[in-house]
Each structure stands twice: as structure tokens, then as C-alpha cells.
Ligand code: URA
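The data below hold one chain only, encoded as C-alpha cells and taken in the form predicted alone.
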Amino acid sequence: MATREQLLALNDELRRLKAGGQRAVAVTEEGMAQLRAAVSEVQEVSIAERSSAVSGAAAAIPVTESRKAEPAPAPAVSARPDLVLPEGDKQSRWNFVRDLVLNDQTCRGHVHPGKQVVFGVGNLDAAIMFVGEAPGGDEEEQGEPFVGRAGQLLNKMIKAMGLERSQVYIGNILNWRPAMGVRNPDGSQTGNRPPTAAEMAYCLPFIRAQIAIIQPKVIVALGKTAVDGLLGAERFKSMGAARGAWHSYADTPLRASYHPSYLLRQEGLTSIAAKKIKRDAWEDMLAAMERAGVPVSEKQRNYFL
């Protein structure tokens, strides 16, 4: 029987595909029948739960117990003004912002129990800065951006650019993993979702401050959420409309490209569209290298993800 968590994970996957520019998903008749049956089963379970609660039945199903164990709702999120950076060198200013974020009560209030607020990492003199959307499970566990499967792919791309992870800077629009609303019995979360506009508005001053400190030659915005956060939510309707051209953030050249998690979903696919998506992402990296003054070899020009 399908669970709420599985259906929420499916919904999250469809939202991510839409954010990446995909407008249609092929589903067989058999698949649609199974999906309708799964939704019907979950609805029936929900009705049974409410009936049981009203009648005061002693037996409680696992989902009900999971909800009872959930902590109080996280604090409300509201926009905050841009940070005023102190005088000093890059390291001292970066330390100031990092300490501010890691001790911020709103950020800490949204972190799942036992997990961490996530702040940017890398070279403070980096020529290229990557900006993603929000931490996932591995990131909130380690307190560092891009350390899960998507991070491993990003590391591979950085390596193919002739660089090391330690030579670039990596940050996120959001500093905590967005809650899905339903948790597993052990308190963990299944699936990820993009940050809301309110969540992004709260954390944007933090990533803006990091950009101001690093002063990279090029910013690479990974995914539609990063593009929306840095360039404005209404500017581009899809990643397809944003990528393939140069934009500007605070007088810094910005290149929009696909999020590594979206590229991972193309693995194993042999369609022309899937191959083009991966090639386009690599061409974005080549463009970033050229603008940042990083040498590009013929081997790199012919490389495919």
C-alpha cells in the first residue's frame, strides 16, 4: 500500500521536473491506474484515522504516532534587511557572517532535530562561485552544501573543469532543509522540496553577503530556485529561458545552469533531449571557465557529462 510519504516524494519529483523546464511526463495507462488506486487507498486510510480519533479507539496507526511525535512548528519566516558587513579582511568578514548564520534563531528553529544549519564553503578568493537552492539530507547531516549525490556530480564537473573543490566557492540560497510537513516515525524526512518565496527572502541576505565577500569573477546559479533568488522570481518562466546566455548579479557575470540533481535524473536515459541537457550543462561550465579566465583545452571542449 502506498504511503503519504511516497506520494509526497512523487509530488516533489514532479515539482522538480517542472522547475527544470520539463512540461510533460509519459505515464502508461497501467501506471495511471496504479496511481489512482494508491491515492484512493491513502484517502481511505485518512478517513479511517479521523473516524478512529472521533470514536476514541485505543489502537493508533503508525502515521498517527509519527504525527504525535513531531515537534512544534518552526518559527514563522519573514524577510530581513541586507547585512551590513564589518570592516576587515575577507576571512574576518566571512567568519562574521558564518557565525551570524549558524547562531541565527530562525535558521536554527527550522533545522530538523539533530541536524545542522548549512553555510557556504570554499576558497574566499575563488574566481567561480556556485550557488544552489537548499540543503538535502546529506547536507543537513554534515552542515556543508553539495555533499550528497548531487554534490558528487558537482565535484566531478569541477574536476573536469581542471579545478578542485577547494578552489571554488559553493553556497546555497537557503541555509536549512525545507520541511515536507510529514515525517517518518523516527523523525527523519523523506523527499525534498524547493524553498518558498518567504524562506528564500529570509536567507537571501546571507548569500548576498557571501558574494560581496568572495567577489567572484563568475557566479553559476544551479537550478531555477537559485536563478529566482538572485535574479528575481518573475524574470524567467523556466530554466530553458534562463540558461544559454549571460546575466548579471551586482555587476558580476552570472550563468544559469541545471542543478546537478536534475542532471542525475537524466542518467541512463538515451533520448536526444537527455543528451542535450547534459551537453548544455557542460557548455555552461565552459562558458564560466572562459569568463573567469580559466584555460579551456580541446579535450575539455569535447567532454561530455
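Worth saying up front: this structure is predicted, and the values here are computed from it rather than measured. Position 1 is the first residue in the sequence shown; the rest follow in order.
There is another form of this protein, the form predicted in complex with ligand URA, and it is not shown here; the text below is about that form.
In the predicted complex, at least one heavy atom of A134 sits within 4.5 Å of a heavy atom of ligand URA. Not displayed here, ligand URA is approached by P145 to within 4.5 Å at the level of heavy atoms in the predicted complex. Contact annotation for N175: none of its heavy atoms lies within 4.5 Å of ligand URA in the predicted complex.
Residues of just one listed stretch (88-96, 196-204, 103-111, 134-142) have heavy atoms within 4.5 Å of ligand URA in the predicted complex: 134-142. Along 227-262, a single residue, H259, places a heavy atom within 4.5 Å of ligand URA in the predicted complex.
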